[in-house]
Structure formats: C-alpha cells, structure tokens
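A single chain comes next, written as structure tokens; it is the form predicted on its own.
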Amino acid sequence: MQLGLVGLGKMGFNMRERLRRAGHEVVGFDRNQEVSDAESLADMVGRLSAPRVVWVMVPHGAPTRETVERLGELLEPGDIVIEGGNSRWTEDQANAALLAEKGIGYLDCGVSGGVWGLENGYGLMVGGDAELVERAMPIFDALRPEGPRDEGFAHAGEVGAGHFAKMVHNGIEYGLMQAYAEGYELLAAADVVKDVPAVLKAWTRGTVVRSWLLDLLVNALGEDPELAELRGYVEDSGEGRWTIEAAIAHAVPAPVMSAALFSRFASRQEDSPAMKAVAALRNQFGGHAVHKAGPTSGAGEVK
C-alpha cells in the first residue's frame, strides 16, 4: 500500500522504516525537514494516489487537532485518517465527526512498542468502522509483531476504543513499573542481598514475574548497576491520569494504578508539604521530635 505518515519522531521514524521494509510506499512529513520526505502536508497529500490513507503520529492535544483539521481541508471523500498518537479517547469522536462531514473516514489506533518496535513490531489497538479497518489492514499487518494477528492486533470497537484500550494499557504499565521499582529498592536496602542485578536477572526466566519490562530493568542495571546517573524524578504523559479518571467515572477500584501515578507526583517534590504537615501535627499533639529546616536543603537539627 501507499501511506502518508505525519510525524517522524521517535515512534513515527521507526514506523516508516518498518513499513518500508514490508514493501509499502511511505511518504512522510515532519516539520523537521532533515527527516521529512515532503515539504508540507499539502505536498505529502499531493504525492498520494486516491483513495488515500494518512497516519497521524504527532503529540496529543492541539497538534493532533490542528493536523486533523488541516487534513480535512486537503483530503477527499473516501480517504482515511488513522490517528496513532496518544490522544485522549474522548477526542476521537470530535475528530471523526469533523472528517465525516467531508466524507473522510477516521480510525484511532493505540500503538505500543516504543523504540523497540522497529525490530519487534508494535502492539495495535484500533477503533472505528470495520470496513475502514479492513482497508488499512495491510498497514496494520506490517506494523504488528510477526505471528498470529490476534496476538498483536485488536479491532477493539467503535471510534475511541483503540485509544481507550491503549490508555488502560498504559495504566497497567504504570503499576507494573512501580512494582518492579519497589522490589528493586527493597532488595537494595537489605544487607543480606549482595548482588541485586543478579537476582533480577535470575527472575527473567522461569519465574511468574518475568516480563519484557523486567528485561529492560535488567538492561538498565547492566549499564548502571546502582542507577547512579539518574535522579528519581518521573514524569507522566497523561494516560495514567486519564486511566484513573475513567476508573472513577466507571466506579472501578484501581488502587495499584492510582498509587503508581501518585508516586510519580511525589518523585518531583524536593520536600513534601504534606509530610511537613504530618510532622507538625505529630509535634503538636504528642510532642514528637521534628527535623527543623536548615539554612540549606539539609534536614537541619532535630528538636
């Protein structure tokens, strides 16, 4: 097939390469002209033969919305837009409605695989009309991992289902990473364990906690056994928050994913106002000792 691909960052760049290796013709556009095949969105669309398929792989929010709106002006009835970024699933209905007015189809696709997807393939979760999914299937088949289709691809449901599934996927990812991280810290804190990386590596085969994420933690410790080159500061990209909001909306208990998200918030604090309040309360009601703030960032004296 022929495909237009908008956004050639870490994911989009490798997706273009994987598609080309599978024999597809990809015309990519990125504002960074060093990696772009086309000079503009209009130039990219002009190089594609109708009916066209264009995959959007740009940051969620305004960049995605603006790109979809511009494609609505450039494409023709019968063309398809696949939104493959990490958009919030509730935004897909608006995108689909905007394009439907012009006779342009819309699919949302959650994509998992990161920088390893070029070689390993990408897990794909798609929302939208079955006929449109079938038309784009050669593209999905090229991007997904080798093997049975249903072990790397799912038509999750109507518009929005793909991004909703990817959102929950990322919430689970938060919880898994947090559990491995807490286990790592506990192993490192105990004097009885002398080789923490070796223990984690031993878990990668035969154990019930083996996983690709564990393999990646082992890789990281192989490069930096004490993670001394990193700060314990962790961002969140949005999907974790949306997962918890969806859990609240559906009255689904999600304590693990919630705690993992809140742990990321805590990682960004130099000092915790909440814990200061707890310390003050303990001192007030029980006269318990507190650490006074010193003139620098140190804990200061104990009183």
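One rule holds for the numbers: they count along the sequence shown, beginning at 1. Just so you know, these numbers come straight off a predicted model, no measurement behind them.
Keep in mind that the form predicted together with another copy of the chain is not shown, yet the notes after this line are about it.
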Open item on the list: Taking 4.5 angstroms as the heavy atom distance cut-off, pick the stretch from 73-81, 205-213, 129-137, 96-104 that is near another copy of the chain in the predicted complex.
Closed with: 205-213
Open item on the list: Can you tell me if residue 225 lies within 4.5 angstroms of another copy of the chain in the predicted complex, counting non-hydrogen atoms only?
Closed with: no
Open item on the list: in the predicted complex, does residue 85 come within 4.5 Å of another copy of the chain, counting heavy atoms only?
Closed with: no
TODO: Although another copy of the chain is absent from this view, report whether residue 271 comes within 4.5 Å of it in the predicted complex, heavy atoms only.
DONE: yes
Open item on the list: I'd like to check something about residue 46: if you look in the predicted complex, is any of its heavy atoms closer than or equal to 4.5 Å to a heavy atom of another copy of the chain?
Closed with: no
TODO: Would you kindly say which of 62, 50, 278, 42 lies with a heavy atom within 4.5 Å of another copy of the chain in the predicted complex?
DONE: 278
- [ ] Could you list which residues of 185-209 come within 4.5 Å of another copy of the chain in the predicted complex, counting heavy atoms only?
- [x] 185, 186, 187, 189, 190, 192, 193, 194, 195, 198, 199, 201, 202, 203, 204, 205, 206, 207, 208, 209
